[in-house]
Structures are given as C-alpha cells and as structure tokens.
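Listed next as structure tokens is one chain, alone, in the form predicted on its own.
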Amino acid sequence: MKNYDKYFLMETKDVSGYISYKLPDFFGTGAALSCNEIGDGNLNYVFRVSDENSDKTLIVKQAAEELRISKEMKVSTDRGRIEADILKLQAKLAPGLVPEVYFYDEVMCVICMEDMTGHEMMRTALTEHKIFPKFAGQISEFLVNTLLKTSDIVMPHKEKELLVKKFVNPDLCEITHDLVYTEPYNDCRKRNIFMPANAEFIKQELYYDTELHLEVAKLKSSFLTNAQSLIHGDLHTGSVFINKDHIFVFDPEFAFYGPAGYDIGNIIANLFFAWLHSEATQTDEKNSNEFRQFILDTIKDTIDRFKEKFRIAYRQNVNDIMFKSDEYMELFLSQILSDTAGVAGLETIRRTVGMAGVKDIRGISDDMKRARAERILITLGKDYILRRNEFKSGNDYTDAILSVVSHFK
C-alpha cells in the first residue's frame, strides 16, 4: 500500500485508494468508492469520488507541475497550498459562498473539498442560456467582503503584510503577466489565436496601436506593484458554480495581493461573452432577447450593487482615522472602478485573441459570426481600457456595449 510520502501525478485509478488512506473516516467503513475525472481547466486534475452505498461525494484536486495546454509551461505546485489557504480565509469573509476545504496534502499537492452538488459551472449554464437573477447580488457581496476586508483600509497593517508574504504567487502571476498584459498586444510568442479574416484588423487595432500599448503598460505596472487586496486572480464564469438560489466561488489558485478591480473586471468581461454567444447561436428570438437583457442587467447590477455595498461596508469596517472620511472613501472607490474597467478590457481582449480562449466565443461554429464577435470584443475591450476613468456606473458599461454592437450590425 502506498503511503503517499512522495509526489506523483495521480490517475483516476489512484484516487479512491488515496482517499481511503488519507481520509478513512469521511466515507466510513463499508464504502464502495468510485472516481471519475471532471476537470476541464488548464492547470490541474480534478476528480469526484463517490460512495456507491450512500450519497456522499467529495472533490479531489491535484496540482500538476506543467500546464495541460502547454507542456513547456512549468508551474509551482505550491499553488495548491495557496488555493486551500485562501478558500479557508474566504469562508470566514464570505460565509457560504466558497466550498469547504476538508484537507490539504502538502506532499501530494492535493486539496480535498466539498462537492458543489446541486450546482453547475456558470460558463456552461450561460452557454445554454440559463438565467440567474440573484447572481449580481451574490457576487457583489462576495467581492465586497473579500476585497475590502483584506485591504489596508480595514485590516491591521501588520496582519495584512503577513498575508502579502503568505500569498506570494510568482509562477501564476507570471502566466498573467504574459497572457493578459503582454502577448495579446504583440503576439511575441506566436501563440495568439483568432479568425484568419481578422488578421489585419488585429494588427491595426492591437499590435500597432501605441496609445493602447501605453495604457496597457500602466495597467500592467499596477498589477505588478499595487498590493491592494487579496484577489482571487482568475474570477471568471468558469470559477463559479451556480443554481437559481446560490453560488460557490472556487478555483482561486491565482490568488495574490493585487488591484481589487482585477476580480470585478474579470466578472464583467466574462458575462458579456455569454451575451455574444447567445446572439450568435440562439434561434428563438424571444428567449434570446430575454437572456441578453438578463446579461446586460447583471453587468449593470454587479457594478451598482458593488458600489452600494462597498460604501456600507466601508463605513462599518474602516477604523483608521485617516481613511474614515467619505471623501477618501470615494477616492478609493473611484480607483477600484477605474481598474475594474481597465481589467474588463484586458480580459475581453485576451480571451478573444490569446491562447487561453473561452468556449463562449470559440464555440461559435459560424465563422462569420465568430469573426464579428471577435471584432466587437476587441473594439469594446479597447474602449474599456482607453476610457477606464469614465466607467463609474453600470449604465456606463451597458451603454458602451450597445454602442459597439450597433457599430457592427
């Protein structure tokens, strides 16, 4: 019998035995365990272990030493420790909105956590054009509690600095530096992916636009230097499990101390991908209009509810006499909102032309519709970046979206 005292990458056949050895009391005696791999991400291997004699299940997630999408990209398995630790912290800050961590194995780099049964991945649900009216309220609650309450504005400064040290995450931050802040604007590693019909458009709009490059460089500098909040670091619709009444936010292995607007901007960008997928694929006009209106309402409400809850939480939690004024609160919020728009633009562009695309767009089978979607996204992403200081409300986002879409009718 293995004692798992040396790291190796598990296959499906190994996982049930691992759980029986490491967590013998979770399923109890007499359990008949089965396992299947359920992950579809780029970094890790995710398994569901089930007891055929009961309804009990759990998730086993193991960090691999190289990316599944590129064997040349090596990454530290310490990200598993970071993910387990931040999930435990977020469980305190935003109770009920993250899965429970049962166990973390530092040798095997394995997290055993709650199976989010009764929920489905939000990206998949949105490509099936399902509507979730409570999402904006729930995600805004998560964002305020995890971002504001891990900042210097609320946390004791020494405690915050210890968390900065604990969540140093250089390997995964380097992936972000490359895939989000660099390659989409120059294709320096020849890994960008887009429709051939858009090649000249992308050269002109992304590779040759020096004004855009300057603004992206400013945003990259902020990402590198602004240890503002403990951010999720990869908060898109593939990092949310959802049903009509509840969400789980998971997969925070990119977590580190960075600009708070990074998480908010990621959510905003990924919601619009679902809007474009609906426009390109839904044939029932009534249902399509209803779904797309839901997406616009959710984008608007996520921003506006974040602002409302942020101000309430700020007044309730800030104790430092120099930060307590409403004037400073508005200055701080304004910075977050500017970063939110900038990152929404970065995420929009990198998921359109970068190597790590999204199925909302790359799953559009009609080449002309996909090429049009790419042009809309690049134009919108640039607008977010170049005018980021002007995006102060939810309406600013929906107005920009509708303006760009109408331009490409």
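Fair warning: this is a prediction, and the values are worked out from it, not measured in the lab. Quick note: we count residues from 1 along the sequence shown, nothing fancier.
In what follows, reference is made to the form predicted in complex with a small molecule, a form of this protein that is not presented.
Proximity of Met73 to the small molecule in the predicted complex: non-hydrogen atoms within 4.5 Å are present. Contact annotation for His236: at least one heavy atom lies within 4.5 Å of the small molecule in the predicted complex.
Interface residue remark: Lys382 is not counted as part of the site for the small molecule in the predicted complex, having no heavy atom within 4.5 Å. Not displayed here, the small molecule is kept clear of Thr57 by more than 4.5 Å at the level of heavy atoms in the predicted complex. With the partner removed from view, the residue among Met195, Ile175, Ile202, Ile82 that has a non-hydrogen atom within 4.5 Å of the small molecule in the predicted complex turns out to be Ile175. This chain appears without its partner; in the predicted complex, the one residue of Ala371, Leu33, Val46, Ala356 with a heavy atom within 4.5 Å of the small molecule is Ala356. Across the options 374-382, 361-369, 347-355, 47-55, residues that bring heavy atoms within 4.5 Å of the small molecule in the predicted complex belong to 347-355.
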